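Take a look at this one chain, the form predicted alone, written out in structure tokens.
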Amino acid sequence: MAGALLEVDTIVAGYGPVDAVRGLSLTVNEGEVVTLIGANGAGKTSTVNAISGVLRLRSGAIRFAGERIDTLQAHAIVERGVAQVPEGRRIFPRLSVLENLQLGAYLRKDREIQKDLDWIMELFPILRERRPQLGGTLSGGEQQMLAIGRALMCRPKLLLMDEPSMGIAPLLAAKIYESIRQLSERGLTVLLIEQNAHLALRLANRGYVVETGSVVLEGPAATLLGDPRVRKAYLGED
């Protein structure tokens, strides 16, 4: 593995008077898949939103490729190579599949946009079939593929994925996780937020367990998968 691409250093962030993230630290090395697991309300989404510039920090620091980014606007963070696949997908329902994908490249000025469109439609063949169809008419799993494709269109160095299996049939969730594995094999760095700890830890290199806005456990994914505390709290095993 190469060195640290993302460094999150004791960040605090929240909404109104409430701190959703409380002194959380994590590191993602270049080429890794790292997962954050935890229950609803643990602070996982707030952490991702802080990294992407949607949620401002109250204290702490976030560095990407050695540069501090927590003072930047969200679009500037995207320009530096950080893309988010948000919880709930948030595709544009009244735009076509093709238009949704093209919007992902809105910051690009190079001539390889069509090449990347073709690659994404190879990764998710259903999107080629649905190309003229409105995004809002797709199934949940198809919308998730579209959201991933839209994020990939900006050619990120780091992909932030928030609950990609949520509300999706198991078969489609498996296909989406297979696509994440393929992206990792191509060298893309991924920070994966998941409630489905079993899926996430089987794919990831390392993991962090988050409770009430703080990291309470971390380590290699295989180690966490076998940890009795994780198995009891997140895998439903005694």
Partner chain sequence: MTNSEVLVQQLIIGLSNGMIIALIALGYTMVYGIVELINFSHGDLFMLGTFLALTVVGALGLGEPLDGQVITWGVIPLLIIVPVFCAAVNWTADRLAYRPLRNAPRLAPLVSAIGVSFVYMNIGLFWGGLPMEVFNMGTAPAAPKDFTALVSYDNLLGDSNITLTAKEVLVFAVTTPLLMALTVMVKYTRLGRAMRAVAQEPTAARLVGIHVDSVIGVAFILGGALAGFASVIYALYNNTIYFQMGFRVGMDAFTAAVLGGIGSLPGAVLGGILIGVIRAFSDQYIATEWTNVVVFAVLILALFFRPSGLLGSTAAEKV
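Everything numeric in this text was worked out from a predicted model, so none of it was measured. Residue numbers count along the first chain shown, from 1.
The same protein also exists as the form predicted together with its partner chain; that form is not shown, yet it is the one meant from here on.
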Sole residue of 159, 138, 168, 121 within 4.5 Å of its partner chain in the predicted complex, by heavy atom
138
Of 45, 52, 189, 179, which one comes within 4.5 Å of its partner chain in the predicted complex, counting heavy atoms only?
52
Is there a heavy atom of residue 73 lying 4.5 Å or less from a heavy atom of its partner chain in the predicted complex?
yes
So in the predicted complex, is its partner chain close enough to residue 78 to count as touching (4.5 Å, heavy atoms)?
yes
Can you work out whether residue 131 and its partner chain are in contact in the predicted complex, taking contact to mean some heavy atom pair no more than 4.5 Å apart?
no
State yes or no: in the predicted complex, is some non-hydrogen atom of residue 91 no more than 4.5 angstroms from a non-hydrogen atom of its partner chain?
yes
Where, within 96-114, is there a heavy atom within 4.5 Å of its partner chain in the predicted complex? Residue list please.
99, 102, 103, 104, 106, 107, 109
